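The chain below stands alone, shown as structure tokens; this is the form predicted on its own.
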């Protein structure tokens, strides 16, 4: 059955329309994963979120794992964008606070509170290796950010590896309790996480 990768070249308008539909499928899948868990979610469940038949999904993705993989890649693209934005800021505290706020936004908005971080093992080995390697690069970038803050006297002396584990552990755990329709707004949550997590590292 034809997939997105098999599609011939189309006009920019048609490509944009397909990209919007692809994004809609990913977010429908994330909602289903949050509600049912990845393993219990079927393509029928994802199609139901969109109000279409399961066969409509095959025009974009060959199977559920391909959707999960695409969700991971979308989240990693967002994380890379966050690092780029952070590098434009002046201080380590500003950069780290920005990363935390934006990473929380990815968890709550981009990933809709879906526990995607806990589903890497559901991917095929080659895809799993790719995603883990990308996450490791992100983690190392945060360690360097903290090391720079310590060297500049902005952050107290600390083990950057432990600090990053604490930060990422707290953010990833959002998926276990966050609900998009809950009382806590995503922006407020990001600000609070930044205050608590960066506040514990500053010299004041």
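Only the largest set of C-alpha atoms that superpose within 1.5 Å between the two forms is called the rigid core. Positions refer to the first chain, counted from 1. None of the values given here were measured: they were computed from a predicted structure.
One more form of this protein, predicted in complex with the DNA, exists but is not displayed; see below.
Student: Classify residue 165 as contacting or not contacting the DNA in the model of the complex by the rule of any non-hydrogen atom within 4.5 angstroms, answering yes or no.
Tutor: Outside the cut-off, so no.
Student: Give a yes/no on whether residue 62 approaches the DNA to within 4.5 Å in the model of the complex, heavy atoms considered.
Tutor: Yes, residue 62 sits close enough to the DNA in the model of the complex that at least one of its heavy atoms falls within 4.5 Å.
Student: Is the gap between residue 196 and the DNA in the model of the complex 4.5 Å or less for some heavy atom pair?
Tutor: Taking the distances in the model of the complex, the answer for residue 196 is no, it never comes within 4.5 Å of the DNA.
Student: Would residue 43 count as a contact of the DNA in the model of the complex, using a 4.5 angstroms cut-off between non-hydrogen atoms?
Tutor: Yes, residue 43 sits close enough to the DNA in the model of the complex that at least one of its heavy atoms falls within 4.5 Å.
Student: 169-177, 54-62, 131-139, 144-152: which one contacts the DNA in the model of the complex at 4.5 Å, heavy atom to heavy atom?
Tutor: One stretch meets the cut-off, namely 54-62.
Student: Heavy atom within 4.5 Å of the DNA in the model of the complex: which residues of 13-27 meet that condition, in order?
Tutor: Counting only heavy atoms within 4.5 Å of the DNA in the model of the complex, the contacting residues of 13-27 are 13, 14, 17, 18, 21.
Student: Once you overlay the rigid core, does the Cα of residue 17 travel 2 Å or further between this form and the one not shown?
Tutor: Passes the 2 Å threshold, so yes.
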